[in-house]
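Alright, two takes on the same chain below, each alone as structure tokens: structure 1 and structure 2.
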Structure 1
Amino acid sequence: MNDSKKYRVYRGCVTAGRWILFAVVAFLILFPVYWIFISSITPPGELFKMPIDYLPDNPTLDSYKFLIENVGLFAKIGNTILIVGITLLISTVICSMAAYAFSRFQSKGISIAFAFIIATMLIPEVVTARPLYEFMQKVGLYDTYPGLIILYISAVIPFTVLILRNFAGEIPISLEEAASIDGATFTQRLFQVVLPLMKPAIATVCIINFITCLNNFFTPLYYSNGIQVLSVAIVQLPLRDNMYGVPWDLVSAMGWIILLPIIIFVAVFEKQIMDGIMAGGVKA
């Protein structure tokens, strides 16, 4: 009897310990995000008050209003959606095509091309940045939508090709052979047999690339000037002349605007993101 009581106490301690660990991890991750949120709805005057008010007394949307009226928030959101949208569309099409070719056709040239695509993952953007910047200016792609879109597409190509090729490799060739016996042409086989089967992988890759593109900071910072996207806007908010130079209320509001879609996205597509991460080891 005594033993089973001891065991129950032990089990209880283990459960409590787990819950404490759980709470600590959740707190460390969520609290900064929460703090950015409450800062964005606190009036600027109360923002520089100590101790911090974690439940603001007079919540206000003034910072958001200021961003919309004076900083052109909607134009930046529009730019972001346009660039990311077109990037996802084009990169998905060309990467699926390439992934199919890399998985189905074997020749020396093709494996060299694949090795090249994967090897370029190793080249950091700071190494190529300056010559590429000058090249973009020379050919008139600097600060243009096509220029930015090309660079965004380029950034997602290696990961996308790698994941889709691995996935396409698992689709049995016998399915295509059966289709070609039934008289299907090459394009029919590609579009009616292979691509529909790749839909889940394509969806996963798109979800991860969406986050990668939203987070892209280097490209829009150095390859554009007039075309502003959300990730860059946060470091280009107008400075104030008063003692609190950096406008923290606007920074936190802008931060929250950038984070909100990302957090919703993570919550909704948690499973697909996890699958994609496991399959490819991604970095946004």
Structure 2
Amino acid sequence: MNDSKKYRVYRGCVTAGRWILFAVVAFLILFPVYWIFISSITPPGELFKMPIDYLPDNPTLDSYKFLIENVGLFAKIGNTILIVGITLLISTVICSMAAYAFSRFQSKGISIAFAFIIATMLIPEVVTARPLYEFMQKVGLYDTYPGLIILYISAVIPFTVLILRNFAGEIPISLEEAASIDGATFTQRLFQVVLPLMKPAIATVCIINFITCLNNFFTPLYYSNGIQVLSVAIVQLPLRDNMYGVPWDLVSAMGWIILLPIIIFVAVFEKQIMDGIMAGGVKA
């Protein structure tokens, strides 16, 4: 066997190994998602039938109908959209301004403030849960929309500031100097020169923060009782037949409802998410 043929065999083995690894990883990730969906459209009496049916004999949407009629699904979706929407709006404005300041102005105090904000990413939520719970009750923000929105905003600020600050640092300051020579004020340079150039990074952090807020389980579970959102709905499902049996069909249906928007967002905006993280995170 000559060297050229050996090289082709080697390349073929590498390609085959790569596709096998891709297939195994894809199966490990996608099969649980597929099984959640199949379980959500399978009648409760057929969920544990043996041998296992990988396609239900009698698919039904009764679980979704039950969630709409008895669990207040639309109210939970409305609460989620309201809280996440306001969170994204306020956090994006605040973090864009902060990122610009951190990238353009240098002093010991500013560096300490930036380091302090980033350091909060390392603190587990459970560590601050008890004192923050008491604080929220004393100031009357426990189980309120403003209270949840403030907590959601505080959760996304460190990551958003980190990404936007690094992205803003890559924008040449000569553009602002040229605008200043043409008579532009500080506000005009910020809103007409810098922020338009930051649109790709802002769009990326909005997408990532949207997914983060949808997945936020601890905050609404611990700091709210009456306001229900999608992320905690899966632990608030009613028991149907007996108090000891878990309604797996309802759990699967609610799980699929929570997963679906995240899957769609990641599938549609995957390139923007990766590009934004690379642009803002390489020089962190």
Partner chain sequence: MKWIPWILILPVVLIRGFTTLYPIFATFKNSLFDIKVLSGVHEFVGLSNYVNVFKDQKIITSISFTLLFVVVSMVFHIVLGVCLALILNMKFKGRRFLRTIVLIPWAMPAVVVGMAAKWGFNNDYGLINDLIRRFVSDFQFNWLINTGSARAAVIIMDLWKDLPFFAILVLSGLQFISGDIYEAAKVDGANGVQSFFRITLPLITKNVITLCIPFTLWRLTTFDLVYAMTSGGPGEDTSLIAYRITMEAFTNLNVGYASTLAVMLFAVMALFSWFNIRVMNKIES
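Numbers follow structure 1, counted from its first residue as 1. The term rigid core refers to the most C-alpha atoms you can superpose between the two forms while keeping them within 1.5 Å. Small disclaimer: the values here were computed from a predicted structure and weren't measured.
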item	value
Which of the two shown is the form predicted in complex with the partner chain	1
Is_shifted C13 between the two structures (CA, 2 Å cut-off, rigid core)	yes
Inter-form CA displacement between the two structures at F22 - rigid core frame, Å	2.6
